[in-house]
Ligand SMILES: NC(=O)C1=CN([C@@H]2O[C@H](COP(=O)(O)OP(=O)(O)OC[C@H]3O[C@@H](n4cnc5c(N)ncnc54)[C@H](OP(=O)(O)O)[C@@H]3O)[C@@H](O)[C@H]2O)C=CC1
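Next up is one chain by itself, shown in structure tokens, the form predicted on its own.
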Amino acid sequence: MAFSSLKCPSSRFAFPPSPGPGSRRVAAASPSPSRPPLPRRFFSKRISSRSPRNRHWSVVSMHEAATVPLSPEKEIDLKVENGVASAISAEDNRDLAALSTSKKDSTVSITVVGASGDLAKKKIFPALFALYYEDCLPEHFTIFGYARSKMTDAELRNTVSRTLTCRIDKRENCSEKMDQFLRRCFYHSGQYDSEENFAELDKKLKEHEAGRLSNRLFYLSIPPNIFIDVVKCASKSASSANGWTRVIVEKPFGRDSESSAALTRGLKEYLVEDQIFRIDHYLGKELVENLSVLRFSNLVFEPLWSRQYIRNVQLIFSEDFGTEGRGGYFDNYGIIRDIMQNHLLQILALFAMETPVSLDAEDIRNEKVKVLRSMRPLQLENVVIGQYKSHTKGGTIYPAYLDDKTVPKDSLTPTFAAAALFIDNARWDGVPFLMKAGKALHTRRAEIRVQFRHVPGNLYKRSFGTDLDRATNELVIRVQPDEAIYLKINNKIPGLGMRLDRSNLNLHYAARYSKEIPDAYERLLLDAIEGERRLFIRSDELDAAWALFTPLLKELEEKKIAPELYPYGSRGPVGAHYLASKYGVRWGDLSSEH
């Protein structure tokens, strides 16, 4: 059952209309093929708790519909608008009424495991409050923080309250809403490997659930080495007895294929795949979700989305700050594992996939997996790694990566990486997908840049001189900051002469939409509550991603490849430019517009 309210702007479905004044009642001898179906999320499919794979968890899977047979004769509401009749059966109306009743008789309990950490305080609790403010959470819900730190309910509320804000465009009753939200937040202290402590949590959850149908969501905001302990204890001592239980797992999902597979096996001792929500917050960003809309709902783009018209695709991620004292964690993973293997590769798969059969989560994820399995193994010769060094600018000394006291002095961990990837299928054969990610660079950005091929026999090539790249059309999808989509085109400058200019057809989100863009965690948390898995990573998808990067990572570490040094605040290692030029490409983020 879906818990989205009609008030919630994030809801992806609408309820069928109720009979209005213009309706009249007729008899139907058989189901009409035009009869509008109920949204699929209205129904739940129960998986038997007696199943061996589900022996500890009560599961309700949200993505399949129950089919209710129609009686031979039944009254339906017929509403006529503009000469078109739409039918809504009386049974549908009863189903909706039952849904409304069941929503009142159910509750969602959200447990943030690792509630004392930065991620929980800065992202998860603020995202939950934003959903509450927008009326996206169910009528009955409870939020529990769980961690080893000793803390009272009041202390948790005080800590959380410092990070809560209302949207710029929605300040009405902000303080009142915060107070209401905080009154639903509680805390329980316990060890992550203690079934007894989770049993105590279960007792508190039941008190707040007050006999209602209980659905439980666990958000694991903890290091991956204790995932299995928490899942084991929660499954045995704190799972829902009569509703669904789901677990959100934060990255990193292992360090390579072997550790990722071991983590998946451990989770699946206590969970089925449909209960595991592997979160990559980049998939919840507005422009990433808009990627498929841009491509599949605009006729102008889909015919161009292939090797015939696209010369290269660039996926760029840069931060203008270093590790800032958090190098201990980063040094264990590096920029390839931290950004490229998950965030950028997920965006690449969404960008390059074939048209899915439907918008169903499994159909979309099936197409993403096909892309990942079609990718050519990464070769060391197509990869450049770097590490930032100290730099002085404007009298300010910026530290090197190795100056971070939490980083080993002989560390070879890359803080920058660029790679050329290829998809060996009919659509993308020969098109280089250039991926670049780095810390302590000259700017902060995340964007997709699609550079189209040169116009054959361009009549105006003399106006561009020998640099035909200046005449190349380019589609830019800026994920962050200052979200935008713009297309670079060539046009004539007004006047008597023939002077050409390069201009942007620009969709600037801040100028076009007054509404503040929701944080990615809001969308992903709402999807997890609703059981929508489209933006979460499936296990075979994860396996394919690690299979692509694991051989490269092992080769870098076994051969102890030294990263190329680049100054803090620069555009990165020189080797990245040579890599791009090897395939006749110029990095788009290094043009004059930046």
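Don't overthink the numbering: it's just position in the shown sequence, from 1. What you see is a predicted model, and the numbers here were worked out from it, not measured in a lab.
The next section is about a form of this same protein that is not shown, the form predicted in complex with the ligand.
- Site status: open, since the ligand, placed here by C-alpha superposition from its pose in the predicted bound form, has no atom within 2.4 Å of backbone or C-beta atoms.
- 148 is the sole member of 148, 203, 265, 393 with a non-hydrogen atom lying within 4.5 angstroms of the ligand in the predicted bound form.
- Of the residues 400, 119, 182, 217, just one reaches the ligand in the predicted bound form with a heavy atom at 4.5 Å or closer; this is 119.
- Contact annotation for the candidate site: 224, 329 and 521 all lie close to the ligand in the predicted bound form (heavy atom within 4.5 Å).
- Listed stretches are 148-156, 287-295, 400-408, 303-311; the contact stretch with the ligand in the predicted bound form is 148-156, by a heavy atom cutoff of 4.5 Å.
- The ligand is not shown here, but in the predicted bound form it comes within 4.5 Å of a heavy atom of residue 192.
- The shortest heavy atom separation between residue 114 and the ligand in the predicted bound form is within 4.5 Å.
- Remark: residue 252 counts among the residues lining the ligand in the predicted bound form, judged by a heavy atom distance of 4.5 Å or less.
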